[in-house]
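Form predicted alone, single chain, as structure tokens, below.
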Amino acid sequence: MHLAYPAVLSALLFCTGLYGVLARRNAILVLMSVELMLNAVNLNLVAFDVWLSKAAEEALHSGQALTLFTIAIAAAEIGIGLAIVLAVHRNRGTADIDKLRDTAEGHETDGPDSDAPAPETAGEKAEATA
């Protein structure tokens, strides 16, 4: 098998994962997209390991060892990520990334950028009555 087939499939998987990370608003879907990107990297590692082992006389299989390491790290990452998402969902009631970003930065929904009129200060009330 040529190296181009798994490389193209890996590129398609990685681009799909990248689109999911950039376009999705749900934290769980973002985590799934990161997993797609990691699987694309794993496919590339194994494909290049097989391709290089045909050229070299020694078969080190370092690509396969790195793939096992990446799978272990990805499993830990998804476990911790899901635990954080579930804890945030219980506390805030949403897994929407934009809403979580707004609450973390201290923005309120009815701030100065909203359509609601701003409350008058004491100085403005005195000027209006005079």
Partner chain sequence: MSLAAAAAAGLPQALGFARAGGLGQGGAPIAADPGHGFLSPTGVEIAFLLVGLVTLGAAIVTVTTRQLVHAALWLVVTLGGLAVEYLLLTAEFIAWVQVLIYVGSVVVLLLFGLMLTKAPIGRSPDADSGNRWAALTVAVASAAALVWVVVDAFRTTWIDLDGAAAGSTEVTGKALFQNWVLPFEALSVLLLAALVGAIVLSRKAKATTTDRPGARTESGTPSAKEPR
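Residue numbers count along the first chain shown, from 1. Keep in mind that what you see is a predicted model, and the values were worked out from it rather than measured.
What follows is about the form predicted in complex with the partner chain, which we do not show.
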query	finding
Val85, heavy atom within 4.5 angstroms of the partner chain in the predicted complex	yes
Contact flag, Arg92 vs the partner chain in the predicted complex, heavy atom cut 4.5 Å	no
Partner contact for Ile28 in the predicted complex: the partner chain, 4.5 angstroms, heavy atom	yes
Any non-hydrogen atom of Leu100 within 4.5 angstroms of the partner chain in the predicted complex	no
Partner contacts in the predicted complex for 55-77 (non-hydrogen atom within 4.5 angstroms of the partner chain)	Ala55, Ala56, Glu58, Ala59, Leu60, His61, Ser62, Gln64, Ala65, Thr67, Leu68, Phe69, Ile71, Ala72, Ile73, Ala74, Ala75, Ala76
